[in-house]
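Listed next as structure tokens is one chain, alone, in the form predicted on its own.
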Amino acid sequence: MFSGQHRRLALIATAGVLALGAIIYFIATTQRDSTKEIAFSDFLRLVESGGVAEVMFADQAIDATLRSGAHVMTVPPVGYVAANPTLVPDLVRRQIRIVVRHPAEPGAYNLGALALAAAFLGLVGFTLYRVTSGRIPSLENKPRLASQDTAPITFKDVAGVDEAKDEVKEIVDFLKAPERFAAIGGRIPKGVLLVGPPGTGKTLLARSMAGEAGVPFLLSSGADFVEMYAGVGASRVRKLFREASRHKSCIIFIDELDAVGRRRGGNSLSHEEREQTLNQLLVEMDGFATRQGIVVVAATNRPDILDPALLRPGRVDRQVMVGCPDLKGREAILGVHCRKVALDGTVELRAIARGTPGLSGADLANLVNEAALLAARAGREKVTTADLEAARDKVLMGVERRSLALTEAERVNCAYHEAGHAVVAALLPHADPLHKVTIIPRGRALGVTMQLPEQDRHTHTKDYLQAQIAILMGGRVAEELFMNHMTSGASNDIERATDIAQKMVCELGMSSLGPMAFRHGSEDRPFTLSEDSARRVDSEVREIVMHGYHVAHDLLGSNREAVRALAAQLLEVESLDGSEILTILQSNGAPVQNGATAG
């Protein structure tokens, strides 16, 4: 890549070349226009008066240079020179220099020169543009070598992924003391693949290896090898492993491996270059040249698209799953990120962790940062529980948009819509407890009903999924029962309910069609669905969704007073927590089945 100074110099050079070309073209045009065309009789008078210094015969024209330095041009009558053989001797007698030449057409000559100059300037400008854009392939793409100064992160800074940390810690120990493992016949793993959703800490785990290992740690990414120019990616792979071979033991970390390790196939030139790069990577990881002490650690969130040859043992000896943390892991992650934050003594991180199921490590880091910003904005010196809970709601439900002005009719409709969700959620035994209901617009939603599970869920029962569909239908049913109309506000609810029903039928086998998968497969394993099966799948999906709709309709129809009371309270205070919602419902005779999380 080129620095900012190099880019400025390249831009100056481009401007200079363009200016020079413009000057040359201007001079040539000026000289051409300075030649004056005169009548042939005037030319003869100039010869008689001795004002002509040089004459050039060019095809049918005569170019004359006057003794004053001016240039004139004339065209004699057809056959005049041949019919007057004394013209040339007369010019010699008068000591006029005679030149005979056959030049090309002036117009063609000028156009050709102009086209050549334009092509040259275009080539120079395009080359400099590629330089300034950083698109020229640089074989000097030297691997970055991490050290304690640039990567001071250690295993103490990594939390919530204890099993994955143990796996990579074993590799670090192997590199530190290989003789201990070699004594019993063990060999060091050649490759480790960190697999997990975005934000779970794969790159952080690799950086902690750099802080713990007493060996060089080379950093790279899959995008570093991707180049449109043939052979550049493979050359960079060779350079990376050649640099690693200089050390007795070394760790190579390749982030976003899917950028270069995608399954081979395709006919385009970009596919050919990427496959050439992948082939070189396969050879370097496990080819004829054995490299002891070099471990390749890669990270990806798309293991399904990686080439099978890359994942085989001998290249990738183990795959380490780095998933979203559980309750204990979230508490530990919050503790790590709160080290640099001034916390109030009353803050209980476990309570915050309990209310953040499904969040990744990156989400929790963002939550702590948002809480610190909220505290600083309010003028507090320490982060309180209220700040953390407000930040949690912001991360889970979106930013409050109090500036969005709703009409009174929209507010009433939104209140009944959210009350429908909340009442169905409170009355179904298999639903998650209510956490908060608000009609303050957040994110893209005009209102939000939020539920939080009492504990982490790793599997879902059929009753739970049916309850989720009924809760999603509760908003549309409430609009129909209490507002006597339908609005577009239920579009996302309908989409999510249909998606759940499709997964129940097509993936989970929770329908009368039995335990069968009705998906279309993947690129390498296509699966064609017959028309009859597609018709039956659509029928089952509709039946599941409509079952949830009727459950919500029955619950809201038999608890109208509870819905009206909850909607009225929402119109008054705009936000209610779980305990307040249950108090309103119980006071209006609703048979509540669920408790509530701490608001």
Ligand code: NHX
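Treat the numbers as computed from the prediction; the structure is a model and nothing was measured. The numbering used is simple: start at 1 and walk along the sequence shown.
Beyond the structure shown, there is the form predicted together with the named molecule, which is absent from this document and is the topic of what follows.
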Legend entry - Which of 297-305, 375-383, 502-510, 439-447 sits within 4.5 Å of the named molecule in the model of the complex, heavy atom basis: 439-447
Inset, instruction - Answer yes if any heavy atom of E418 is within 4.5 Å of a heavy atom of the named molecule in the model of the complex; otherwise answer no. - result: yes
Inset, instruction - Evaluate G489 for contact with the named molecule in the model of the complex, applying a 4.5 angstroms cut-off between non-hydrogen atoms, and reply yes or no. - result: yes
Legend entry - Partner proximity in the model of the complex: C414 to the named molecule, non-hydrogen atom cutoff 4.5 Å: yes
Legend entry - E243, heavy atom within 4.5 angstroms of the named molecule in the model of the complex: no
Legend entry - One residue of D432, E370, D493, E273 in contact with the named molecule, assessed in the model of the complex (non-hydrogen atom, 4.5 angstroms): D493
Inset, instruction - Tell me, out of D255, E479, D286, D363, which residue has a non-hydrogen atom within 4.5 angstroms of the named molecule in the model of the complex. - result: E479
